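Shown below, as C-alpha cells, is a lone chain in the form predicted alone; questions about how it binds or moves come after it.
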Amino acid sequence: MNIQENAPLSALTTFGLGGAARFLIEAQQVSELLQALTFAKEKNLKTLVLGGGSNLLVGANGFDGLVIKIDIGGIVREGELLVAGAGESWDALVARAVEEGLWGIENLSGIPGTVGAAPVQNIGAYGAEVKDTLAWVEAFDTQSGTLVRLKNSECNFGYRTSRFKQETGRFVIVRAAFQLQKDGTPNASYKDLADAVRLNLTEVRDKVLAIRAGKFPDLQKEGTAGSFFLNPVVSAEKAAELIARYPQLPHFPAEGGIKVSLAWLLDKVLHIKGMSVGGARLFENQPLVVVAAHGSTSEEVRELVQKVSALAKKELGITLEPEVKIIN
C-alpha cells in the first residue's frame, strides 16, 4: 500500500481546483481499502472516499486527513447482469452494456465519475436514474467491520440521494451490479429524446452523448462538476405560487412535493446565464452548470454559488441545495 503525503487533489477532480490531501491512498483491491481504513483509525484521521472527483469542490486548504481513491476495477457479465468494480469509469460501464446489447443505462451515457459513486448520488439524466437498474451493491460497512451486500430496496434511493449519502462515512462501495435487459426499448420520456422510440441501442447512446455535448463544457478546456444545484422540490402551495407567476415553468411530481426546473428559473426569470465571479461562471448553455476556467480558484466558485443562492432566495423564495459536495 503506497501512502502519498501532501498529494494535490486538483488533478483528481473534474473542477481541477483545490489544495492537497495530507495523505492519499489509491486502493485497487478491497484489501488495500481495509488497510487504508485501518491506517486512518490508527492515526485518528478524517477520511474522504474519492471516485472520479466529478461531484466535488475542494477548497484551497485541501483535506487535512486521508483521501482514499477507489480504483477497484473489473466488469463481469452474468446473463443480463453487469457487475463492475467501484473504480471503473461509469461511462465505460454504459459503453460495455451497449456493446453487449443490454438496455437500461444508455440514457446515463456520458456522465463522468465512477461506478461506486453512481449509487451514492443516485445519478440520473434524461428520464433514467441508477435506482432503475441497480440490483445490489457490495460495500464495506465501517460500523460492523464487514463486507455486506445491499439490495436495491435497502439503499433508500431518492432524488439524487441514497442511504450511502444519508449515512455519510458508514459504507464504502466496492462493487455494484446492474440488472439490464436484452430485449429492451428506448426510454423516450425526456423531451429531448422524444424521437428515440425509433432508435436502436447504439443510436440512443449516441444521441444522449450529442445532447450532453451541447449542454456541458469540454473538460479538456475548463473544469466543472456538472450541475451544481439540485432542482428544488417545493410544496404544492409554493409550486402553485410559482406557476401562477410563471405559467411556462416546467414542473413535475416528486417525492415530498413538486420538482421545479431551476435551469428555467435561472435563465428565464433571473436571466443570469453567464454570470461570473473571477474565472468561475454559470455555463451559457446550461445555467445549472458552474464552470471554472483555467487559473480560477475554488473561492471564486464558492462566491458565485453564494450569489446565485442569494438571488434565488430573494427573488423566488427558494432555498438552493448544492448537488456538489464541498470540502473546506
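Numbering starts at 1 and follows the sequence shown. Bear in mind that the values here come from a model prediction, so they are computed numbers and not experimental data.
Same protein, other form: the form predicted together with a small molecule, not shown, and the subject of what follows.
Asker: So in the predicted complex, does Ala125 come within 4.5 Å of the small molecule, heavy atom to heavy atom?
Answerer: Heavy-atom contact with the small molecule at 4.5 Å: present for Ala125.
Asker: With the partner left out here, check for me: in the predicted complex, does some heavy atom of Lys268 sit within 4.5 Å of the small molecule?
Answerer: Within the cut-off, so yes.
Asker: Does any part of Asn231 reach within 4.5 Å of the small molecule in the predicted complex? Heavy atoms only, please.
Answerer: Yes, Asn231 lies within 4.5 Å of the small molecule in the predicted complex.
Asker: How about Ser227: is it within 4.5 Å of the small molecule in the predicted complex, going by heavy atoms?
Answerer: Ser227: contacts the small molecule in the predicted complex.
Asker: Looking at Gln35, Gln29, Asn285, Thr297, which has any heavy atom no more than 4.5 Å from the small molecule in the predicted complex?
Answerer: Result of the distance check: Asn285.
Asker: I need to confirm a contact call. Of Arg198, Lys221, Lys191, Arg149, which residue comes within 4.5 Å of the small molecule in the predicted complex, counting heavy atoms only?
Answerer: Comparing distances to the small molecule in the predicted complex, the residue within 4.5 Å is Lys191.
Asker: So if I measure heavy atom distances to the small molecule in the predicted complex, which of the stretches 299-307, 257-265, 58-66, 40-48 falls within 4.5 Å?
Answerer: Single hit among the candidates: 257-265.
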